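Just the one chain here, laid out as structure tokens, in the form predicted on its own.
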Amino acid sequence: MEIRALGGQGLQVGAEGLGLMGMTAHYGATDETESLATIDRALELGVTLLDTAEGYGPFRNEQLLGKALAANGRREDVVIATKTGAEFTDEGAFLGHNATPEYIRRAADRSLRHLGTDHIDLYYLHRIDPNVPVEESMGAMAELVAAGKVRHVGLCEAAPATIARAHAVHPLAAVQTEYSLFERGIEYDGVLDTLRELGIGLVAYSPLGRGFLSGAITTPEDFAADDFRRTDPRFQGENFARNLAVVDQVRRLAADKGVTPSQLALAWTLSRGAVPIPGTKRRRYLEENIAATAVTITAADLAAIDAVAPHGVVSGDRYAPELMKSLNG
């Protein structure tokens, strides 16, 4: 797999990473044995960036990754990315946003224990805390870098001005945000321009539109009862039907190119300079996704994709109303 520089701070990763969230949270039934096998297979295929967070479980996702790396002995081959800024008690109770320096330091030590490592390669603020100036949060992140507990730092779902303020305190390696054929807002709200101007890497989560762009979802009944997508506006009512019609057009483009819809969507994201982190908990989907790194997107492909999936084509907000409030801090 191609190795890419993620930002201008010396961090290098495989062109496509792996999002681990669904292995322990939010996407229905879990299978630890298959998840561990999927992580091992990802490393065999050249994946280096493994994305987790203390909130995915909570804690169970970091513990799963720690278990995988302890078993396969490949810690040095991996870039561990984890996140803080949403406060949890040690028992796992969610208390709300907290990006105070005190909590960031405490959470980092807890994440290190759960991951079974002495350093985090990429440490993100999961969301911007509206009650704490980002400069204070980044000051704590900088302290963790100086202490050797963290190698690189980043933000998730931050507005352009916030990114610039944070970067002035300590250089950011990456910003993680939703980016896909369904969600192209960062091309228009200044985020992408800011990242390019400051030399910050882009990590794209949900590059398959939370599975919609895989072409495998045909009805909301495809989701388990505890799958959070049942509350996602894009998967409800008329929005679902409109979005499914867009996916049908993407599926036709993919068929014409001889690839799957997932591979076309991921290849498009890769062509935009992003490092996508599609989430999966099964080896067969991982292998399909990784094959996208070998797909070339031509100018004709870009034009055809833009025709069927322009900015704003998706129907419905990215999240339910309460969660929307936490974006673009």
Ligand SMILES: NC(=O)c1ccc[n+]([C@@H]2O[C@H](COP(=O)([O-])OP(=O)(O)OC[C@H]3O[C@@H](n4cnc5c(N)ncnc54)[C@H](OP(=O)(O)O)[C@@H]3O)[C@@H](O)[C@H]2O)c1
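In this text the structure is predicted, and so the values were computed from the model without any measurement. Numbers follow the displayed sequence, beginning with 1.
Absent from the display: the form predicted in complex with the ligand. The rest refers to it.
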item: The ligand in the predicted bound form: contacting segment from 250-258, 95-103, 123-131, 110-118, heavy atom within 4.5 Å; value: 123-131
item: The ligand contact at residue 40 in the predicted bound form, heavy atom, 4.5 Å; value: no
item: Non-hydrogen atom contact residue 51 with the ligand in the predicted bound form at 4.5 angstroms; value: yes
item: Partner contact for residue 19 in the predicted bound form: the ligand, 4.5 angstroms, heavy atom; value: yes
item: Residue 60, heavy atom within 4.5 angstroms of the ligand in the predicted bound form; value: no
item: Interface residue in the predicted bound form among 68, 277, 47, 292, criterion: non-hydrogen atom within 4.5 angstroms of the ligand; value: 277
item: Residue (of 140, 181, 156, 86) lying close to the ligand in the predicted bound form, criterion heavy atoms within 4.5 Å; value: 156
item: Neighbours of the ligand in the predicted bound form among 173-210 [non-hydrogen atom within 4.5 angstroms]; value: 176, 205, 206, 207, 208, 209, 210
